[in-house]
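Only one chain comes next, encoded as structure tokens, the form predicted on its own.
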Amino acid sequence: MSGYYRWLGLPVEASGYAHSIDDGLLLIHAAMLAIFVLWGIFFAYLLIRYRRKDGVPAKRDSGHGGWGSLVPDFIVMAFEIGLIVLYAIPVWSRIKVDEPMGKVNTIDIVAQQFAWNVHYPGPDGKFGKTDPKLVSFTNPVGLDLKDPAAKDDIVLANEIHLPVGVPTLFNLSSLDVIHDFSIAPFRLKQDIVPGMMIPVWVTPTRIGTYELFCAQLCGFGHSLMHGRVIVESEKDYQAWLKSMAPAQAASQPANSANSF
């Protein structure tokens, strides 16, 4: 993936909130660098100012200390509180709390050892019903084919197609253990807990192909649990969606109650 990484080793910014995440990273690193340099200068001053001198015994200087010595700590504390109030809470709210407005593309992601099952509603925009009892090797999302809305649903493994500029809601769930849904260029990372449906959203802003991987150790095949995220124009996405539906309908397996 040429051009995948940029300066400081960070992946490209490919989502609407990636820039906000990177701003926080750079701010924290700059602050830590400043603290490191200032404390280094202060320590060097102390080493020189209070170095050992022949004939001068060590003694405590009662004229220093007290509340004045806590000034650096108060400055650092004020910075950290400001970082939380002015940056962390607003950005977290925008990413995790505020719901996207307007048209939203919805995709269900069902994680399992060691694959990502991707469920699209198809051209009709409606998800077919699913049932855990119907989960099988050939039907990993438990799609109920008796439901008319399921006829054009699309189920893929390890491949996600997204239209650029359109907010996408991922509904994350797991068939077995804890997994972690991670797409670095989106700055998106979310644990998936068995028994829970966890919503996360992102607005892709850059056309290209990116890597999806599991960032939580989930078993012996953990390193193999990755996939592709393809961000394309709205026109190309709709064309892909329509081209996939007939093939999916022709290959849909019969309902089965045989679980993994």
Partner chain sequence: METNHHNQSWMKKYVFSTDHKTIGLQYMFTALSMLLIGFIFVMIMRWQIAFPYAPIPVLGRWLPARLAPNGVMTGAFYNSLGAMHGTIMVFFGIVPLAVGAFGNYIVPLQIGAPDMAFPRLNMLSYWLYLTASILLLSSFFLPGGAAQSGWTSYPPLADFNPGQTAWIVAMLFVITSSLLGAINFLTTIINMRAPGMTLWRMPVFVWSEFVASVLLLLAFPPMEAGGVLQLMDRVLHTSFFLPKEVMIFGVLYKGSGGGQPLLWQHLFWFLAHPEVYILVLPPIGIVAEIIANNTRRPLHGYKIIVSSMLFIGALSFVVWAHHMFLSGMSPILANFFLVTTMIISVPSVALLTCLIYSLHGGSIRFNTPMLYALAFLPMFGIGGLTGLPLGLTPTDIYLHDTYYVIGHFHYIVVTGSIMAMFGGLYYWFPKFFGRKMNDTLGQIHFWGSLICMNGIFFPMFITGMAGESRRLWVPTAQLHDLPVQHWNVVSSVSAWALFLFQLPFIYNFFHSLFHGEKTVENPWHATTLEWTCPSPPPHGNFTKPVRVYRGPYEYSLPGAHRDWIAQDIESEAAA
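Here, rigid core means the biggest group of C-alpha atoms that superpose within 1.5 Å across both forms. Numbering follows the first chain given and starts at 1. Only a predicted model underlies this, so the values are computations on that prediction, with no experimental measurement involved.
Quick note: we don't show the form predicted together with its partner chain, though the next part is all about it.
Problem - Single option in Leu156, Val166, Ile178, Ala149 placed near its partner chain in the predicted bound form, where near means a heavy atom within 4.5 Å - result: Only one listed residue qualifies here, and that residue is Ile178.
Problem - Interface membership of Val118, its partner chain in the predicted bound form, 4.5 Å heavy atom rule - result: Val118 lies outside the contact set for its partner chain.
Exercise for the section: Classify Pro72 as contacting or not contacting its partner chain in the predicted bound form by the rule of any non-hydrogen atom within 4.5 angstroms, answering yes or no. Expected result: Contact check for Pro72: yes, within 4.5 Å of its partner chain in the predicted bound form.
Practice task
Answer yes if any heavy atom of Ser233 is within 4.5 Å of a heavy atom of its partner chain in the predicted bound form; otherwise answer no.
Solution key: No.
Problem - 4.5 angstroms heavy atom contact with its partner chain in the predicted bound form for Phe114 - result: Residue-level check for Phe114: yes, a contact with its partner chain.
Exercise for the section: Tell me, please, which stretch of 85 to 93, 158 to 166, 119 to 127, 102 to 110 lies within 4.5 angstroms of its partner chain in the predicted bound form when heavy atoms are compared? Expected result: Among the candidates, contact is made by 85 to 93.
Problem - Sequence-ordered residues of 189 to 207 touching its partner chain in the predicted bound form, heavy atom within 4.5 Å - result: Going through 189 to 207 in order - heavy atoms within 4.5 Å of its partner chain in the predicted bound form - the hits are Lys189, Gln190, Asp191, Val193, Pro194, Gly195, Met196, Ile198.
Exercise for the section: Using a superposition on the rigid core, decide whether the Cα position of Arg52 changes by 2 angstroms or more between the shown form and the other one. Expected result: After core superposition, the C-alpha of Arg52 moves 2 Å or more between the shown form and the other one.
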